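Before any questions on how it binds or moves, here is one chain, the form predicted on its own, in C-alpha cells.
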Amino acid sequence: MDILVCVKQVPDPETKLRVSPSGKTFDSDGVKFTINNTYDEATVEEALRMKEEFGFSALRVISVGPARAEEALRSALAMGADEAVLIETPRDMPLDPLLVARYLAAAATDIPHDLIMVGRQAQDDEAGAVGSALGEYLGLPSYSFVTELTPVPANHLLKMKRYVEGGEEVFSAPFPAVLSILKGSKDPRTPTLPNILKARKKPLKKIPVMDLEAKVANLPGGTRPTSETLAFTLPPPRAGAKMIEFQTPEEAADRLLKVLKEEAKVL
C-alpha cells in the first residue's frame, strides 16, 4: 500500500515581503522559501509513522510550483519520504487552490496511492481548500481536521479522530481517501545531515505543467484559476508602545482603561 503526501513551498515566516508592481501578489525576488512547516511537515511525519508502524510500502511526496519548489520536496525526502514528484510551473503562473488540486488530481492518476494526505492549510494563503477539492476531482471521500489516524490494512479501514467545534469526532472509514491533517500524533522529526545528503540522490520526477493540461481541461474548471486575486497588501506597521506613568496600581488601572476606551477604542 502506498501513501501520497501533497506539500507546498511557501515564504519563510521570517522573511520580509514586498508587494509586486502588479499589486496582486508579492515580489518573490530575494525571498527565502521553505516547506509549509505549520501543517505539511506534520503531515509528512504522520505518513512516515504509518509507514513505519503499519507497513505501508512507499511514501511519495508531490508539489505544484516553479523550479524552486524542489527544495520543499527535498525537505520531505530528508525527513524520510522515498520519492518526489514536482509538477513544474512557470515562475509567474497564476494558481489558486482549486487549480492546484486539479493538477494534483491529474498527476495522481498515474501515481500509486492508497491514501492521499495534505496539510490542513498553507501558512501563506490559509485557504484550506486543496484536500476537499482533490477528493472531489478524484472521486474519493475526503476528511478534514484529522488529528489522529490508525489504519487497519487487513480491513481496508482507517480509524480517525478529527476536530469538530466543541470536541472530537471518532469514526472509521474505508480507503482510498484524501485526508487533511490538522496535526499529527508526534512532532515532525528534524532531518539529520546524512539524511539531508541522501535526499539529494532520491528520485525526484519533474512533470512540466503543460503535460497535464489535457487531463486538467477535462475536469470542472479546466486549466484556468477559479478565483482571482484583486489586490495584495501588507498589514500596517505596528505602532510603538505607549508608556503609562503612574504612582499607584489604582492609578495605572484607571489610565490604562482610559487609553483602551478613548485611544485604542477596544472597550
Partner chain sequence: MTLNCLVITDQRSGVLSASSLEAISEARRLVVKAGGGAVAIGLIGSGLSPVVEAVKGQGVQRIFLVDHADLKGFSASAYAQAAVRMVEKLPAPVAVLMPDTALGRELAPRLGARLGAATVTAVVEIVPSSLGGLDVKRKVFGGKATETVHTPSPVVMSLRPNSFAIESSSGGSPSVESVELGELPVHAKGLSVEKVISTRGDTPELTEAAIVVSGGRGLKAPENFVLVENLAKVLGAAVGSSRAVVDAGWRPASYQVGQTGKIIAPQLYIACGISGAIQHLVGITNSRCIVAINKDPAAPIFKIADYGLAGDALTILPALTRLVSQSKGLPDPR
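Definition used throughout: the rigid core is the maximal C-alpha set that superposes within 1.5 Å between two forms. Numbering follows the first chain given and starts at 1. Quick caveat: nothing in here was measured; it's all calculated off a predicted structure.
What comes next is about the form predicted in complex with its partner chain, which is not displayed.
- For the candidate spot formed by 121, 135 and 265, every residue has a non-hydrogen atom within 4.5 angstroms of its partner chain in the predicted bound form.
- Among the residues 168, 187, 92, 110, the one placing a heavy atom within 4.5 Å of its partner chain in the predicted bound form is 168.
- In the predicted bound form, no heavy atom of residue 28 sits within 4.5 Å of its partner chain.
- For the chain shown alone, residue 87 is not a contact residue for its partner chain in the predicted bound form, no non-hydrogen atom being within 4.5 angstroms.
- At a distance threshold of 4.5 angstroms between non-hydrogen atoms, residue 98 is in contact with its partner chain in the predicted bound form.
- When its partner chain is considered in the predicted bound form, residue 54 lies well away from it, no heavy atom lying within 4.5 Å.
- Figure note: of the listed segments 42-50, 202-210, 231-239, 57-65, the one touching its partner chain in the predicted bound form, with heavy atoms no more than 4.5 Å away, is 231-239.
- Annotation for 113-149: interface residues with its partner chain in the predicted bound form are 121, 123, 124, 125, 126, 127, 128, 129, 132, 133, 135, 136, 137, 139, 140, 141, 142, 143, 144, 145 [heavy atom within 4.5 Å].
- Remark: with the core as the superposition reference, the CA shift of residue 24 between the shown form and the other one stays below 2 Å.
- For residue 254, the Cα coordinates differ by 2 angstroms or more between the shown form and the other one after the core has been superposed.
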